[in-house]
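First, one chain by itself in structure tokens, the form predicted alone.
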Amino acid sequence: MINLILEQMQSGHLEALAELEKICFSQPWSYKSLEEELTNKTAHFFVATVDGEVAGYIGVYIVCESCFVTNVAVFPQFRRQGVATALIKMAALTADAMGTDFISLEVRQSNAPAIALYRSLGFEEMGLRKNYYRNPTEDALIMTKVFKKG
């Protein structure tokens, strides 16, 4: 069992997160882009650490009653250990606690492991964004988890 800690993103996490972005995404966020989220009132970014080392992160924007995931990323050595699951659950709990109606994200149509994870956490396919991703060009599935109110 790993010693996983979840916390809000802080400036001390930015260097590791910028490197993680380069590893995981064909169009990575820069250090500066991540840094700007520290003062964005709609942004809620959470970092997972294992024994003090950054393992992954998730970012969401909460606007009105809506929550949208910007990115979920986990360093390769920490994958398949529950890090992404913990991050997604944290984001969903935060969104629900803040009164949103749903949490939604896009995922590459070919990313079967991520799609299976999202489904296991209560997300459902709600639509398709044609040619959403670049390098390579690919459609995105829109997956959403609706929160039950009342």
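Since the structure is predicted, the reported quantities are computational estimates derived from the model, not experimental observations. Heads up: residue numbers just count along the shown sequence, starting at 1.
One more form of this protein exists, namely the form predicted together with a small molecule; it is left out here, but the text below deals with it.
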{"property": "4.5 angstroms heavy atom contact with the small molecule in the model of the complex for Y118", "result": "yes"}
{"property": "Contact label in the model of the complex: P28 to the small molecule, heavy atom within 4.5 Å", "result": "no"}
{"property": "P113 within 4.5 Å of the small molecule in the model of the complex, heavy atoms", "result": "yes"}
{"property": "In the model of the complex, G82 touching the small molecule (heavy atom, 4.5 Å)", "result": "yes"}
{"property": "Listed residue that, although the small molecule is not shown, lies within 4.5 Å of it in the model of the complex (heavy atoms), from V107, A48, L34, I103", "result": "V107"}
